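As a starting point, one isolated chain is supplied in structure tokens, in the form predicted on its own.
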């Protein structure tokens, strides 16, 4: 199992560690409810070193053919989220792209898919792929008050700078981005520097937050998690995840076009449960309507911000009625869930 390069720093901060995608990562520090509300009401810092960080060099046309969104932005822009798809339009992975130049790109992959993406690119192109995952750590500072605490205006949203100073230390990448729905920045740096920044942030009142919080935060926004909500059997159309551009060619485009013309057999939906209900539907549990199975759950959690259980899953398009209350089966009992759309906050 891989270990976070910030392990010692995080252990001193009281982290509770657990396995995720083959990595030993901080799950919580205090309680995920406190960490969750810190993001929504103040600022928190996450260790994201388990995610894949790749540098891809070569002809942009070759990467364009493999990736589902156009790469025609200016250098310094982030392009995404986008995805690598298989011939059936299913997700090989959803990724974030950073354009350094017309022949030099950075990618962030899901932790579980890093090796698969490297193999996919190398087997389908002549592009050079450098794996930066183990030489650079990655942290994210996210929260409603991040702008009040840090000078982030010098970096516009969805842009990045390379080899700059942050908190008096040289970092490889500084971007105005995140995956929480709040404002924030993300930092790639050598592990020692990332650890020093993490410690300095914590000493200055920024709350360390773990991956359990990361999961509850992303569900409030309706963001998807690979392996839970999407995989190679699910397409962007079914997931309502608009990570492609039909103005260009890419692997999987024909399947996407066919679904857009003829429709799909399942569609992603969101749901909320009534306040006071603390039972949480698990992945794969059946969604039923008047006794008939019409869908299934992929993710669910308790939202401390909304003070209720939320979740998402897939449902037959013929039964996708926003605002309608249907049911989910949990250990032989039926509970009411109300269809809602994202984001929940």
Partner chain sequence: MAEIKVGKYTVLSDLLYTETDEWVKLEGDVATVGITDYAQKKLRDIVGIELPEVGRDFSAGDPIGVVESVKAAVDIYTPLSGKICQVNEDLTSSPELMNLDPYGKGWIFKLRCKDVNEKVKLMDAEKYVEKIQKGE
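Note that the coordinates shown come from a computational prediction; the quantities given were computed from them, not determined experimentally. Positions refer to the first chain, counted from 1.
One more form of this protein exists, namely the form predicted together with its partner chain; it is left out here, but the text below deals with it.
Go through 37, 306, 60, 279 and name the one with a heavy atom inside 4.5 Å of its partner chain in the predicted complex. Exactly one listed residue reaches within 4.5 Å, namely 279.
Just to be sure I understand the contacts: of 42, 289, 316, 33, which is the one whose heavy atoms reach within 4.5 angstroms of its partner chain in the predicted complex? That would be 33.
Exactly one stretch in 42-50, 24-32, 316-324, 63-71 has heavy atoms within 4.5 Å of its partner chain in the predicted complex; which is it? Residues of 24-32 come within 4.5 Å of the partner.
Is every one of 85, 120 and 236 in contact with its partner chain in the predicted complex, taking contact as a heavy atom within 4.5 Å? Per the other structure, none of 85, 120 and 236 touch its partner chain.
In the predicted complex, does residue 212 have a heavy atom within 4.5 Å of its partner chain? Yes, residue 212 sits close enough to its partner chain in the predicted complex that at least one of its heavy atoms falls within 4.5 Å.
Given that its partner chain is not shown alongside this chain, does residue 299 nevertheless sit within 4.5 Å of it in the predicted complex, heavy atom to heavy atom? It does not: once its partner chain is placed as it appears in the predicted complex, residue 299 has no heavy atom within 4.5 Å of it.
Does at least one non-hydrogen atom of residue 333 fall within 4.5 angstroms of its partner chain in the predicted complex? Although its partner chain is absent here, residue 333 would touch it in the predicted complex, with heavy atoms inside 4.5 Å.
Under a 4.5 Å heavy atom criterion, is residue 13 part of the interface with its partner chain in the predicted complex? The answer is no: residue 13 has no heavy atom within 4.5 Å of its partner chain.
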